[in-house]
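Shown next as structure tokens: one chain only, the form predicted alone.
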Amino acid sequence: MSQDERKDIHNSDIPLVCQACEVRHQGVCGALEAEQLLKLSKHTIRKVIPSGSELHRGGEDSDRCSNIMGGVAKLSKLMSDGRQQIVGLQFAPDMVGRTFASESTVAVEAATDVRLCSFPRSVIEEIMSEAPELEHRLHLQKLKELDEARDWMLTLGRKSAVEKVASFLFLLATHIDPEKASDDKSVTLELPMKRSDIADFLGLTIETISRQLTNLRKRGLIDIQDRRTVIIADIDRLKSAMEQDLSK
């Protein structure tokens, strides 16, 4: 338990729903004081979006923003001829939606069951005017997403198939279970997407995905329990494989 979480237990001014939030201190709400959290909590709705359901349809206005509390969401763009490309993933404590902009061309879909804390965009914008630190955190979160998008451009543009698959598994491990990943512990992953979606995200074929998972398993970097469960035994070795073409 972090120091901030211990403080919450003894602070009766913080709404109970916020005290119980396991990602608040890592997300944008960690910048808010008790009074601001109370104001926001009066307008929040907690809900679970089932896997495969839309969180936001691209091109439509949205008057709400949401913090991801658990699960994985996938971002995709649709072309005029019906082709679709997965362009990113979001994890806890990322925020879905845009402040000061009601429309986005990116569609957001639940890759797994996703737990959300949703609130009106107008309310969070109003609180931002009172809490500069909130705007600062949102800015840092968006810069982090931009950096990750640029890293992913490198992955798609320059890396080999096995490096792409290693990068994908490392991305999941460090976002779904960052505590274990940072402690160099064994990480067990439930892949949040079907092989076809992973292939779409990495620009590979389904057959190539399967071959490279087998390649990583034979080299002792991962263990495959079933079609969706992967165990990463050594996160540092997997990280090295992100920039080492093991297919040569």
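Since the model is a prediction, treat every value here as computed from it, not as a measurement. So that there is no doubt, residue numbering starts at 1 and follows the sequence shown.
Same protein, other form: the form predicted together with another copy of the chain, not shown, and the subject of what follows.
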- Query: Which pick from 160, 112, 174, 118 sits with a heavy atom within 4.5 Å of another copy of the chain in the predicted complex?
  - Reply: 160
- Task: Please determine, with the chain shown alone, which of 194-202, 30-38, 216-224, 46-54 has non-hydrogen atoms within 4.5 Å of another copy of the chain in the predicted complex.
- Result: 194-202
- Item | Every residue of 22, 189 and 210 near another copy of the chain in the predicted complex, heavy atom within 4.5 Å | no
- Hey, in the predicted complex, does residue 151 get a heavy atom within 4.5 angstroms of another copy of the chain? yes
- Look up in the predicted complex whether residue 138 has a non-hydrogen atom within 4.5 angstroms of another copy of the chain, and give yes or no. yes
- If you check in the predicted complex, is residue 123 within 4.5 Å of another copy of the chain, heavy atoms only? no
- Message: Can you tell me whether residue 75 touches another copy of the chain? I mean in the predicted complex, with a 4.5 angstroms heavy atom cut-off.
- Response: yes
- Query: Are there residues in 64-98 with a heavy atom within 4.5 Å of another copy of the chain in the predicted complex, and which are they, in order?
  - Reply: 75, 77, 79, 80, 81, 83, 84, 85, 86, 87, 90
- Message: What direction does the residue 239-residue 26 Cα distance move in the predicted complex compared with the shown chain, closer or farther, given a change of 3 Å or more?
- Response: farther
- Item | Direction of C-alpha distance change in the predicted complex, residue 239 to residue 25 (at least 3 Å) | farther
